[in-house]
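Before any questions on binding or motion, here is one chain by itself as structure tokens, the form predicted on its own.
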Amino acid sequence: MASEKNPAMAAATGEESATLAAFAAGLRYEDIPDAVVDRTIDFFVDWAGSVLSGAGQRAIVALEKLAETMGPSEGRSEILVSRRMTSPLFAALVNAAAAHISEQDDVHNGSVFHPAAVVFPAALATAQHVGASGRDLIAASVAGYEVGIRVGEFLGRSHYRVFHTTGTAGTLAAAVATGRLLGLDAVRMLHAIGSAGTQAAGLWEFLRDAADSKQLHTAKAAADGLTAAFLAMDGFTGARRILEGRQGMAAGMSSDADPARLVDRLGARWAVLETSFKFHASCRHTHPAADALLGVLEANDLSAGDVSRIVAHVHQGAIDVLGPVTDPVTVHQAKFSMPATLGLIATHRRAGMAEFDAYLGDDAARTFLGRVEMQLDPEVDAAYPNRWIGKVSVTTASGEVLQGRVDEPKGDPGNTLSRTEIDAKARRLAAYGRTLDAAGIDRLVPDLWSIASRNEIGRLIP
């Protein structure tokens, strides 16, 4: 039983899942503060760029082929990377995978969850299918963010050691966003959450094999959440206490679940505003150290040859996720390597898409595989996951040890990207994927910024 493993679960009322369902079903666009609407649009533009950057990448091509083989050849929902129209299920599946492969999608620190990768694919596909407005899309997406983030926080650090939270909590986030667009009432929304939770999955073991599972996690989270909501619309029932119940998600997936996190200030605390953009094209666990290293290099005018050793002082979550990757054999696996990321920062002062693409043949950057190590830091670990502090110790060729620190990595709410920077990032990523030429990108991006004003979503890319 969850309460036997974790005394905090004894405080569960048994109504947490129902409270989340009622909040999501009842959320109106008019209830959402302007700042939350604006930030959700920011994340939507950022997400679209990430999706388009996935075009042509092998794992995404495989999922596109699956959609072409198994899904309908026409429909009202759009696969952005191929510009094909299909059913909501297969559009959500491919768009969610594509959003996550470049490691440029957003992240909420406290839940260690990437909301955009699972919320927007399900919401967009459903909105296009039912002819919803831009305001409906935004309200549904906010509901998905708020519920998914709270579920991730609820499941806690023990969950994240084994489970990829974006795959697990993300299934419920996608269900809620879809359910809001389908007009589910609180009872049917609860059934959607129950059916989503029983499907939730995603394990970190893939990192050891450089496997494609991370993209499958987001693909299935979006598609399975969408499935749960469409089933609930037609009367299909789900567990009413899938989160807090005696044999629910907490019981099977966590030893430190905190039920209070599920209903934390619903409608008053807007977790969307706590969500961060990604600056570097790598796992977010590398970003604090990358920013700290960049600060040391710039402050002391150091080149890669001046650096003999780097110690990244990190939280345990970084060790759990990045530790298994010792010698990256693919570009995507390199994005989960602290030595690879810091090696690129040291040699190029950037760790972007182009730098990672060239990494396997970049002898200068690869020499840092033997010069970088991670060490657990009590201060950094105590602050995590609410704060992701970056600390590095850099030993120079002359033997001097220099310290670097950042308290808010680039992209965090207190060090966020401006709309100009978001726009530029989305355009770069769209150009990287080559689905659109420069003129097509110039047409698309302004339309993304004005998404809330659409009376009907329709196609994004005609």
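Just count from 1 along the sequence shown to find any residue number. Treat the numbers as computed from the prediction; the structure is a model and nothing was measured.
In what follows, reference is made to the form predicted in complex with a further copy of the same chain, a form of this protein that is not presented.
**Study point:** Listed residue that, although a further copy of the same chain is not shown, lies within 4.5 Å of it in the model of the complex (heavy atoms), from T367, N300, Q199, S82
**Key:** Only one option qualifies, and that one is Q199.
Review point. Taking a further copy of the same chain in the model of the complex as the reference, which of A354, L376, L203, A382 has a non-hydrogen atom within 4.5 Å?
Key: For this set of options, the contacting one is L203.
Point to revise | Close approach of G238 to a further copy of the same chain in the model of the complex, 4.5 Å, heavy atom | key: The answer is yes: G238 has a heavy atom within 4.5 Å of a further copy of the same chain.
Exercise for review: Answer for S87 alone: is it within 4.5 Å of a further copy of the same chain in the model of the complex, judged on heavy atom distances?
Suggested key: It does: once a further copy of the same chain is placed as it appears in the model of the complex, S87 has a heavy atom within 4.5 Å of it.
Check your understanding: Could you tell me if D224 has a non-hydrogen atom within 4.5 Å of a further copy of the same chain in the model of the complex?
Key -> Yes - in the model of the complex, heavy atoms of D224 and a further copy of the same chain come within 4.5 Å of each other.
Review point. Just to confirm, A431 within 4.5 Å of a further copy of the same chain in the model of the complex by heavy atoms?
Key: No, no contact at 4.5 Å.
Review point. Residues in which of 228-236, 292-300, 144-152, 114-122 have heavy atoms within 4.5 Å of a further copy of the same chain in the model of the complex?
Key: In short, 228-236.
Point to revise | Contact check for L63, T69 and G245 against a further copy of the same chain in the model of the complex, heavy atom at 4.5 Å | key: Checking in the model of the complex: L63, T69 and G245 are all within 4.5 Å of a further copy of the same chain.
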